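The chain below stands alone, shown as C-alpha cells; this is the form predicted alone.
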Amino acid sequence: MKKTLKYLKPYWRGVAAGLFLKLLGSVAELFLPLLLEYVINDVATNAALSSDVKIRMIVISGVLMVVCSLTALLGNIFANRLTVKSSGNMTHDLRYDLFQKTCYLSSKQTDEIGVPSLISRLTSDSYYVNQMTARTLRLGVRAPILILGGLILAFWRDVTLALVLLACVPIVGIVVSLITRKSVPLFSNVQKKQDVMVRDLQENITGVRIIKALGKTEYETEKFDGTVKDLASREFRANRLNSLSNPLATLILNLGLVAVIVVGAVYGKKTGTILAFLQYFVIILNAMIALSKIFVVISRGSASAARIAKVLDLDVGETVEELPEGDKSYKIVFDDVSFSYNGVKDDVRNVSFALKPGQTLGVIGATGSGKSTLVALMMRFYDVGKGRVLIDGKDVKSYTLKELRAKFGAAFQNGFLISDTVRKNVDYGRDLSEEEIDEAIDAAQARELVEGLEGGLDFVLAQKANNLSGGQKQRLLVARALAGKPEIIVLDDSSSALDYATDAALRRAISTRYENITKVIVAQRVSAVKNADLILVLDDGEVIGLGKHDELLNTCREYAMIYAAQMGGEEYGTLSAE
C-alpha cells in the first residue's frame, strides 16, 4: 500500500486543498442541526419574544442554514474535483512506472510472474488502486470528520443522548473491521483468477485463426465460460461478505435512532434537541455507511496495490561483472555452456563453438532442441548456468545490456510489428536514413511488397500486421534486423513462411551486401544453413554435429537424414546410405 500511495506525494497541494474544502464543507454541515435546534427551542417556542422578533430571527437562522448548506455543497464539489484529479495523476504515474518496470524485467522475472498477470496488474489492478485512492480522499476524510464532529457537538448539547449515540459507533466499527479483514484474502484470490481469465483471453485472441480452422470455437467458448464463471463465483463470495457492511451498520444505527427517541421522551428532552440528535444520527449513519463502502474499496484496492508493489519492488538493475576476457579474434564464443529454464534439468548442455567476424553460423535441429535458447543466451535474455558466452572476446555479463544488444539485429519467427507505417516499423525509433531503410528492404526481398502497398513506406499496418501475410511480415522483420547494419545479425527461423526461391534470394543478398557482418541463422531447412561457415546440429539440448555442410553429411547421421528428407534423395553423404 505504501509503495503505491507514495505516488500522491507530488500532488500534495491538490490533496491538501481538497482536504481543506472537505473539512470546511463537513463543519458547515454539522452546524445545520444546531441552527435547527436553536430555531425550535429558543425562537419558535419562546413566548417572551414578539412575532416580529421571531420572524426576524427565523429568517436570519434560515439564511445561515442556506449558507451552511451551500458551503457544504460547493466545498464537496470542488474538493471532489481536486481529489479526482490528484488520484488520476497518481494513477498515470503509477501506470507509467509499472509499464517501464515491466519493460526492463528480465526474461526469467517475466516468466515467473506471467504476461497475463502483468497485463492484469497494469490495467485492472491500477484501476482498483485509483478507485481506492479517489474514494478514500472523497469519503475517507469527510466521514471521520462528520462522525467525530457529530459526537463532539452531540456531547456539547446533551450528554445523555450523546451516550446513546456513542454506544452505536464502536459496534459498527468492529463489524466493519471484521468484515474487511476477511474480505482482503478473498479479493486477492479474485485477482489471481482474473489473471487466468486474461491469459485465456490472450491465448484465444492470438490463436483465433487456428481455433476456427480446427473447429474448436465452441470448445474454447465453453472453456472460457468455465473460467469466467469461476471468477464470477469468487467475486460473488467476496462481494457477498462485503455487502453485509451496509445493512449491519444501518441496522445498528437505526436501533440507536429509536433509542434516542425513547430516551429523549423518558427524560423529557425538548423537541428541538431530539430533532437535532435525530439529524446527527442521520449524519453519522450516512458517514458510517460511507466509511463501510470505503473499507470495501480498500479491501480490493489493497490487494491490487500489493500485486503492483510486488512488480515495482523487483530488482531490474543490471549486473555488470568484470570477468576474464577470451580470444578477441573471435566474434562469438560459447565455452562449455549449459542452461536450465526451471533450474532442474538442463535445456542445453555443454555447448561449445567459436565464430570469427563475418562468418555465418547455422543452427539446425528438431523443435525443442534448444536452438532459440542459444540465441537467448547470446543476447543475454537469460544468464548461463555453466560456462560462458563471449562476444568480441568479452563475456556478455561484462557488457551493459544496452552495449550488448546494440551489436545485434534480430528477427524472430514470432516477432512483432507495431500498428504504424512500414517505414516506422523498419526504422523502429533509430532515426535511420532513407538509404539505409531502402537497402534493408531490398536485401530482405521486400521491395515488391512495399511498392505493392498503397502509400508504399507510408502504408499503415493493422494491429499485429493482420493486413499482411506471414511471408510479408517476415520480410519486414528481416528488413528491420538488417537496417542500421548491426555487428551481428540473428535470424531465428525468420524465413519459415517464405518460399524456397525468395528464401534463397534473401540468403544471397545477406551474404553479399552484409559480408562483413557476423550472421547467426536458426532454421529448420537445410537449404538455409548449408552454405554457413559453421553448422551446429542440436538434439535435445546437446550438440550432435558441428562443422561444415560436407563434413556433417559424413559425420552426423541426423543431419544427413534431414538433408535427404528435404532435398529429395540427392547425393547426401555416406552415413545416410548405410
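Just count from 1 along the sequence shown to find any residue number. The model shown is predicted, which means the values in this text are computed figures rather than measured ones.
The protein also exists as the form predicted in complex with a small molecule; that form is not presented, and the subsequent description refers to it.
Item to check | Stretch in contact in the model of the complex with the small molecule, which is absent here, among 73-81, 87-95, 340-348, 399-407 (heavy atoms within 4.5 Å) | outcome: Checking each option against the 4.5 Å cut-off leaves 340-348.
Item to check | Listed residue (Q445, S292, S369, S117) with a non-hydrogen atom within 4.5 angstroms of the small molecule in the model of the complex | outcome: The residue from Q445, S292, S369, S117 that makes the contact is S369.
Next on the checklist: Quick check on this chain: which one of S302, Q472, T373, N425 has a heavy atom within 4.5 Å of the small molecule in the model of the complex?
Outcome noted: It is T373 that has a heavy atom within 4.5 Å of the partner.
Next on the checklist: Within 4.5 Å, heavy atoms only: does E222 come near the small molecule in the model of the complex?
Outcome noted: No, E222 is distant from the partner.
Checklist entry - How about Q413: is it within 4.5 Å of the small molecule in the model of the complex, going by heavy atoms? => result Result yes; Q413 sits at the interface with the small molecule in the model of the complex.
Checklist entry - Taking heavy atoms and a 4.5 Å cut-off, does F353 contact the small molecule in the model of the complex? => result Looking in the model of the complex, residue contacts with the small molecule do not include F353, since no heavy atom lies within 4.5 Å.
Checklist entry - Taking the shortest heavy atom distance, is F155 within 4.5 Å of the small molecule in the model of the complex? => result Judged by the heavy-atom cut-off of 4.5 Å, F155 is well away from the small molecule in the model of the complex.
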